[in-house]
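Take a look at this one chain, the form predicted on its own, written out in C-alpha cells.
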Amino acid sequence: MLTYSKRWPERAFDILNVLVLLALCIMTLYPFYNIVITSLNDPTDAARGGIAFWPRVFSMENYKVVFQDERMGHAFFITIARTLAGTATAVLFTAAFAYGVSKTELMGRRIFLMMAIVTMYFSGGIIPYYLVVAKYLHLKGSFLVYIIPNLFNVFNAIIMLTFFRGLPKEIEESAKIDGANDLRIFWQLVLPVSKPVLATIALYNAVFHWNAWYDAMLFGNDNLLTLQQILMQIISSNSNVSLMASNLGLGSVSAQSLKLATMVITTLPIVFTYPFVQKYFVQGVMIGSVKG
C-alpha cells in the first residue's frame, strides 16, 4: 500500500496557512465577543476598562433595562414581521421578474432590463423618493412602507437571471408538452430546483430588512418602531438612559453599557440564522454569478 507524506516545505506552508487564518478569525470575532462580555459586566465597573476575556463583575442590569423597555417587545414584533414578510415578497417578486426576462421570446425584455439597470446608477434623490412614497403612494405610517418600496433589487435580479438562464430548457419543454402553462412551470418546476439562489437572495433581503432603520425614521411612527431605530435613538441620545434606569431601580446603568446590550440583542438573531443557509449561500452565489 502506497503512502504519501508531505515534505517539510508543504507542511510548513499548511501550518502557516492555519496560523494566518486563525489570526484572521480571532481578529474578526474578538470585537463582537468583547461587546458581549462588556454588556454582561457591571456598568460602573466596565467604565474602568480593561475587560478583555470575560466579565469582571457579572451583571444583567443592562439587559433588564432593555427588555423592560415597553417599546422593545413591540419593536421585536415589527422587525420580525418586516423581515419575514419583506424577505418572502421580495424573493418572489424578484424571481418572477428574473424568470420572465430570462426568456428570449419575451417581447420588450431588453427594455425591461435596461429600465432596471439604469436604477443601479441613477437615483432621483431623497426628496423625490420621499414624495413618491409618502404623497403619491400614501404609505407613510403604514406597515406596507417596509414592504412595497423594497420588493425589487436589481443586483439580486441579475443573480437570479443568470441562474435561470443556466437551467436546462428540456425541463420546461417537457412540461409544456404535458400542458403546463408558464405560471405552473415557474411555481412547480423552476422554484423547487432554484433553492440555492433563492436562499442566497433571501439571506440578502433578510439582513437588509433586519438592519434597516432609515425608512423607519422617514416614514414610520411610534407603532412602527424597529429594533435598529431604537438602537439609533439610544446611540444618538443619552437623555432617556438615566430615566429608564431610575424607573427600574438600576441607577448604575450607563448610556454606553445600554448601547452594547442593545447591539447584542439586535445582532444575535441574524448571526444565528446565517449557519442554516450558509451551504445554499455559497452555492447560490457561485451558480448565479458564473455561468459555465
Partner chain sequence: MSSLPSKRFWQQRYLMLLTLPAVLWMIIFNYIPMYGVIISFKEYTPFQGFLHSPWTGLANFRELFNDPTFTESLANTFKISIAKLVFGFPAPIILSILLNEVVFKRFKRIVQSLTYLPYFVSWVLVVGLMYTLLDPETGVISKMLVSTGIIGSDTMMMGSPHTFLTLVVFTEIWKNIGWNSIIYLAAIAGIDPQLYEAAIVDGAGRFRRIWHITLPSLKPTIIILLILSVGGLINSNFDQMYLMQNSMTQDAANVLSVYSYKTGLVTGRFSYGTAIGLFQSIVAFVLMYIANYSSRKITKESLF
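Heads up, when I say rigid core I mean the largest set of C-alphas that superpose within 1.5 Å between the two forms. Everything numeric in this text was worked out from a predicted model, so none of it was measured. Positions refer to the first chain, counted from 1.
If you look for the form predicted in complex with its partner chain, you will not find it shown, but the lines that follow are about it.
The partner is absent here; in the predicted bound form, the one residue of Met72, Leu189, Met217, Ile80 having a heavy atom within 4.5 Å of its partner chain is Met217. Taking the partner from elsewhere, Val101 is found to have a heavy atom lying within 4.5 Å of its partner chain in the predicted bound form.
In the predicted bound form, its partner chain lies within 4.5 Å of some heavy atom of Ala96. The shortest heavy atom separation between Tyr30 and its partner chain in the predicted bound form is within 4.5 Å. Using a 4.5 angstroms threshold between heavy atoms, Ile126 counts as touching its partner chain in the predicted bound form. Shown without its partner, the chain has Asp14, Asn17, Val18, Val20, Leu21, Leu22, Leu24, Cys25, Met27, Thr28, Leu29, Tyr30, Pro31, Phe32 in segment 14 to 32 as residues with a non-hydrogen atom within 4.5 angstroms of its partner chain in the predicted bound form. With the core held fixed, the Cα of Ala46 is displaced between this form and the one not shown by 2 Å or more. Shown in the overlay between this form and the one not shown, fitted on the rigid core, is a CA shift at Asn223 smaller than 2 Å.
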